[in-house]
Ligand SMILES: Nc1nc2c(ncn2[C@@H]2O[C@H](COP(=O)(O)OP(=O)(O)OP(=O)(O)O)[C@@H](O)[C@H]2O)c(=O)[nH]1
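Presented as structure tokens, the chain that follows is alone, the form predicted on its own.
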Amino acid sequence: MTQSFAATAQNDSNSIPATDLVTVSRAVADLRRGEIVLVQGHLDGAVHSVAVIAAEPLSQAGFERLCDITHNTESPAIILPRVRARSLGGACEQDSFVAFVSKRQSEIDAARLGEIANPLLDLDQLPAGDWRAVSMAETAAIRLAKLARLLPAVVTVPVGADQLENLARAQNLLVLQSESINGYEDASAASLREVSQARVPLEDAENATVIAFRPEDGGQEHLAIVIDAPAKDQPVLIRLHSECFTGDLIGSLRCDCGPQLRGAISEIAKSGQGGIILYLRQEGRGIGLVNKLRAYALQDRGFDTLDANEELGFDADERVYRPAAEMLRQLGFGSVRLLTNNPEKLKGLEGWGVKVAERVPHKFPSNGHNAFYLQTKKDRAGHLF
């Protein structure tokens, strides 16, 4: 059942504490630098902890430190997406991720692990090793890698419960709970606050104001572009637009994002009633610009836009819609007319208590470069063209 819009703003009692929000944000930065973090997972009363380092920025020094700090005789595991594991001969069922453990640690180094993790590389064979299921802590570590906009592949070694605190102090490492990682995006969105606004005349909408919202942990700002003065006592015309550097800024023809953004500005201005564009920092359907470029490389090999994301280890669409709902709440709007062809956006907003009074179609002609992309969105993602 959809929550009421008023209740949504108050229903943060289960959100992670502000201190945990900042800790996850710091861990994201550590992971991007190739640093180690400690993750503790809880499942059915059992506790499992691992030391984690991301596979993408992994250096040999970082790998050796990971192996040394726990004095563990067990070989490190590399956690891989199901699709990548299958391409390497891994027998995994429906689990999204699976762990590979080499039988001989001497055959594994940072370069080799990087090759194993990279879905754009074809490997002749793996070192001798075994596949196993992943733990709750390792699943959360993958979520952390996704938050860092890295390839969703990590290297882990187990850490005993009696080691965790001493290891964190001795090595100056962050300790994260799996619940904090998994709840980060919702908690970050709930903490959004307006930090700046200014009048910004636009080419097709001269009476426009850009309002910036920043989460409490200091993460990326989301933007509300308010055009004219929309009434708050009736459904407001809005567009949820995910950031697209290639389409919005440099005119890429591989997608329809640029025309959609500029078209929405024009349509809202011409409506005579004003409206809002919520510009969400969720590049590449939430996988980040670098991974989107990797997905493009896979598309050039014949994958469609959804399969390319999944080949990298992401869901077909990783976006979340609470930031949009929270900005609307703070702006005083509870009911909207949504410019979109994507039914998931309707569900996403309604899931956070925003009433969608009407879906307003928002489509543009294809070109020779994005026709297959648009057809895929229609046939496989259910977009309403």
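All values reported here derive from a predicted model rather than from experimental measurement. Start at 1 with the first residue shown and count on from there.
If you look for the form predicted in complex with the ligand, you will not find it shown, but the lines that follow are about it.
| Stretch in contact in the model of the complex with the ligand, which is absent here, among 196 to 204, 136 to 144, 100 to 108, 291 to 299 (heavy atoms within 4.5 Å) | Flagged stretch: 291 to 299.
| task | Determine whether any heavy atom of R84 comes within 4.5 Å of a heavy atom of the ligand in the model of the complex, and answer yes or no. | result | R84: no contact with the ligand in the model of the complex.
| query | Contact between G313 and the ligand in the model of the complex at 4.5 Å, heavy atoms? | reply | Flag for G313 set to no.
| message | If we define contact as a non-hydrogen atom of the residue within 4.5 angstroms of the partner, is C257 a contact of the ligand in the model of the complex? | response | C257 belongs to the contact set for the ligand.
| query | If you check in the model of the complex, is V28 within 4.5 Å of the ligand, heavy atoms only? | reply | Close contact is absent here: in the model of the complex, V28 is far from the ligand, nothing within 4.5 Å, heavy atoms only.
| said: With the distance limit set at 4.5 angstroms and only heavy atoms considered, check whether S242, I287 and L339 all reach the ligand in the model of the complex. | reply: Yes: each residue has a heavy atom within 4.5 Å of the partner.
| Among the candidates Q177, S75, Q163, Q282, the residue which, in the model of the complex, approaches the ligand to within 4.5 Å (heavy atoms) | Among Q177, S75, Q163, Q282, a heavy atom within 4.5 Å of the ligand in the model of the complex occurs only for Q282.
| query | Across 305 to 322, which residues bring a heavy atom to within 4.5 Å of the ligand in the model of the complex? | reply | Going through 305 to 322 in order - heavy atoms within 4.5 Å of the ligand in the model of the complex - the hits are T305, N309, R319.
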